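The chain that follows stands alone, in the form predicted on its own, written as C-alpha cells.
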Amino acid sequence: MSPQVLRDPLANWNGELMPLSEVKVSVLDRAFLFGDAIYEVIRIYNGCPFLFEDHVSRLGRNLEKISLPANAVAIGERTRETIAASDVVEGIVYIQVTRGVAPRTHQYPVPAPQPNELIYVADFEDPYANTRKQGVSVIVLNDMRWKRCDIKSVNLLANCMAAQAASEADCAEALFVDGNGRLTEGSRSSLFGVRNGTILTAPLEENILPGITRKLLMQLAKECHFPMREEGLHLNKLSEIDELFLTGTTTEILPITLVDQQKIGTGTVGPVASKLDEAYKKTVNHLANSVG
C-alpha cells in the first residue's frame, strides 16, 4: 500500500490566503532570531473549532504578557474565515504571532514593527486512537525549561528535547519534575492523577501552562461528581496514585499506565479516566454539531 499523501494546508499570512508551502518569512523576523512569538493550536471536529473562544482569550492574554501589539479578536475572526475557506473536517488550526521584522537587537524595537500573523488549517488524525483504551508509557525528566511556562511561547527547544527522549524510549510523552520532586506537566500536555477517588493536578503557577483542555476537564470532573483538588503530584509517591492521565488539544484524554516502567495502579486504564473520556467525547459531539 502506498503511503498517504498529505495535502498542503491552507494558510493565512497577514490576511492573505495561500498554500502553506508558499508562505515566505524574513530571516530578520524576531521569531526566527529570538523566538519572540506566541502560538495557539486549536482542534477542529466536524469542521468546527473546539473551545475556540477559550483559545482566542488565552492568545490575547499572552499577547499582553509579552507586550506584543496584535489584536486577538481580529486574529480570531481571521481564523474562522480561514477555517471556512478550507474543507478540513477533522484537523487543527495553528496560529502564530511574531513581533515582526526588525534589525537584530535584544530589546523590543522602537517603533514597534508590524507583527507577522500566521494561521494555517491542516488535516489531523488522532495519533492515540489505537492506544487510548490501553494507556501509554511515559518517562520522567528534570524540568530544564525557562520559568515562564504560563506563556505559550514558541521557545520549545527543551520541550522538543524531552519529546525526543520519550520517543527514543518508545514512550508517548515525557513528564517534567521540578527541584522539589513534584511532577508538573508533560512536554506538550497537562497532567492529572487520581488518589482515593479524588482528581489531583498541579496548581497553576508560572511553571505551568493554563491548558484549555485542562480547564475543560476540571469542568467535566465537577459534572461527573468527581472531587478535585489542585495539589502537586510527587514523583516519590506514585505508588499512592491509582490513575494518571494527560490532557491536551491533540492529546485529548490519554491514560498513563507506566511511568519509567513503574506500574500505575493496576496497570490498566482506570474508571475515572474512562468516565471523563466519555464526557469529553459527548462535549465534542455536542459542540461540534452546534452552530459555531
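Residue positions are given as counts along the sequence shown, with the first one as 1. Predicted, not measured: the structure shown is a model, and the values here were computed from it.
One more form of this protein exists, namely the form predicted in complex with a small molecule; it is left out here, but the text below deals with it.
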property: Contact stretch among 135-143, 70-78, 83-91, 208-216 - heavy atom within 4.5 Å of the small molecule in the model of the complex; result: 208-216
property: 4.5 angstroms heavy atom contact with the small molecule in the model of the complex for K152; result: yes
property: Interface membership of G232, the small molecule in the model of the complex, 4.5 Å heavy atom rule; result: no
property: The small molecule contact at T250 in the model of the complex, heavy atom, 4.5 Å; result: yes
property: Contact test in the model of the complex: S190 vs the small molecule, heavy atoms, 4.5 Å; result: yes
property: In the model of the complex, the one of Y45, F52, F226, Y39 near the small molecule [non-hydrogen atom within 4.5 angstroms]; result: Y39
